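The data below hold one chain only, encoded as structure tokens and taken in the form predicted alone.
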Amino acid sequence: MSTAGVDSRPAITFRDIKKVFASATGSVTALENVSVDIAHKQFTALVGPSGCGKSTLLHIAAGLDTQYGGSFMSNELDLAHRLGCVFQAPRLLPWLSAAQNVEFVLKERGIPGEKRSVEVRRFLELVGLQGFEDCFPSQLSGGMQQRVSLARALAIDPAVLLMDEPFSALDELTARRLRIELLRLHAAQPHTVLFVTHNVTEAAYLADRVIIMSARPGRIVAEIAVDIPYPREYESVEVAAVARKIIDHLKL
């Protein structure tokens, strides 16, 4: 996958974001003066220590948090109807099968019944779940549930894909397989991706660009362009070198 030809205009823009949470012992500032542009159809990773506000920033982008200072703007058309989210927990509807979880968002898009069936099969095949269409979440492993969650997000036909530590709860072997799958899907159909992680190797392996945040209150301290051509090797010298750069900035 190459970043050549990627539209340089921002897909989403954060300006002077400040987020303060109330607590029993007083207010806690989670984000302070965060300004950053997320490029169109670029895979951007957001890295920082626990509690630095990474997920809060993602929730602002998703419209799940509207109580903040500063401004957030999307330059993508019809973002409200073309926003895919994948969280650490799959958040599947437990009373629906894998196919029905994907079909649910296709119904919301107004896709007619016969075409829905075709599209459900296509998206589940994309994530390697052919043969598991009729299984309920409780019958699937954690990794398979996360595949359904990814298929559901892609079925939205998102202009922007927001991912909040989607592989952190999985065993490393399953996580590696899903990282490879994610890059394959992104190469086939690029989306604007904002991917939150605390795993520096994961960020170096996946992203075109890594944004690094400080400890709370979260601020942007550095940005790294990852110029390693795709496909990449997770344990390559090049990926390790980028991961070390990220760690150096985190230490600061």
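Numbers follow the displayed sequence, beginning with 1. Predicted model, so just to flag it, every value in this text is computed and none were measured.
As for the form predicted in complex with adenosine-5'-diphosphate, it is not shown, yet the points below apply to it.
Comment: 50 to 58 is the region of 50 to 58, 33 to 41, 221 to 229, 203 to 211 lying near adenosine-5'-diphosphate in the predicted complex, near meaning a non-hydrogen atom within 4.5 Å. Although the partner is absent here, residue 64 sits far enough away that none of its heavy atoms falls within 4.5 Å of adenosine-5'-diphosphate in the predicted complex. Contact check for residue 216: a non-hydrogen atom falls within 4.5 Å of adenosine-5'-diphosphate in the predicted complex. adenosine-5'-diphosphate is not shown here, but in the predicted complex it comes within 4.5 Å of a heavy atom of residue 28.
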